[in-house]
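One chain comes next, on its own, written out as structure tokens in the form predicted alone.
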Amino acid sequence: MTAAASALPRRWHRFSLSERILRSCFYLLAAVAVIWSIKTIEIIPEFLQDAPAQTADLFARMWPIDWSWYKSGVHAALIETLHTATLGTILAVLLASLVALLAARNVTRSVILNTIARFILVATRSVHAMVWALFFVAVFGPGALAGTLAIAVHSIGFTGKLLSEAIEEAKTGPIEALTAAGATKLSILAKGYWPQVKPAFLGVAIFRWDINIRESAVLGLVGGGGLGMALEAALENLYWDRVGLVLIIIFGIVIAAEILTTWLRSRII
């Protein structure tokens, strides 16, 4: 019996039986979720059929682009968008650095402070920038201030999480040497952690600024200032040629920011 069983050819499986069962359950749940979603959103076939014609008509209304509106209605909004993204990123990096030091377990040994810092990181990045903008618009009124604060608060979670992970991955050798030499905590941070964290710090700051350029361009739709407010004004008045101008400007600054950040990362890091 044993000899006969051992004579049977053995088949190799990439996953174990339990893993195959879990994967099958996952695929089944995904299929159920997709079918349920399709039924819930109530797709109207007539609207889908008419969508290509409506899209073509919309782009036709945007042409020719009203380039003359740039100086009076778009230029100031563009500068405001750049300022909002830049100031928001600087403020976010400053605040996120402090929170990251509290969240890093090799710097802050207190479990309570670690938990509070990680809660801040999760809470700030869990709420979308648009929601933060609505909150700050309600507090400070519409304008660039609300947009800047929304960008800053929303960026704390992303920036602080990556910085805290970079701090925790720092090598212990230089830290132990400075500690044994009697260096102060500030000196340990400046001479031990900073040289190791500096590339990640600069990379995260530049990458976050690139993201904030895109987000600040549309915060004006909820009163956060910048190009979004120019876009909203054009949409409300059905000036489609001006809508096309704003969309081109947004697309242009996103591409320019991507090129600039790529160049900066290759030069600095």
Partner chain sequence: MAGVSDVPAPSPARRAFPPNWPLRIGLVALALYVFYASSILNITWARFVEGFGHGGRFLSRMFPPNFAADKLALLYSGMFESLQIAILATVFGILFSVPLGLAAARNLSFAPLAWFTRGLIALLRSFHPVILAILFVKAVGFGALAGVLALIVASMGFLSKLIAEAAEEISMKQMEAIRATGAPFLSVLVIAVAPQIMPRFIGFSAYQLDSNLRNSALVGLVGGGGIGATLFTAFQRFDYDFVLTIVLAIIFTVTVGEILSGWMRRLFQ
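Since this is a predicted model, take the numbers as computed values, not measurements. Numbering follows the first chain given and starts at 1. For the two forms, the rigid core is made up of the largest set of C-alpha atoms that agree within 1.5 Å on superposition.
Omitted from view is the form predicted together with the partner chain, to which the following refers.
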Given that the partner chain is not shown alongside this chain, does I156 nevertheless sit within 4.5 Å of it in the predicted bound form, heavy atom to heavy atom? no
4.5 Å heavy atom contact, S126 to the partner chain in the predicted bound form: yes
Distance check, T84 to the partner chain in the predicted bound form, heavy atom within 4.5 Å: yes
Non-hydrogen atom contact A257 with the partner chain in the predicted bound form at 4.5 angstroms: no
Let me know the one among L145, L113, V107, I120 whose heavy atoms come within 4.5 Å of the partner chain in the predicted bound form, would you? L145
Are all three residues L28, L163 and L264 in contact with the partner chain in the predicted bound form, where contact means a non-hydrogen atom within 4.5 Å? no
Considering only 103-135, what residues come within 4.5 Å of the partner chain in the predicted bound form, judged by heavy atoms? S126, V127, H128, M130, V131, L134, F135
Aligning on the core only, does the CA of I255 end up 2 angstroms or more away between the shown form and the other one? no
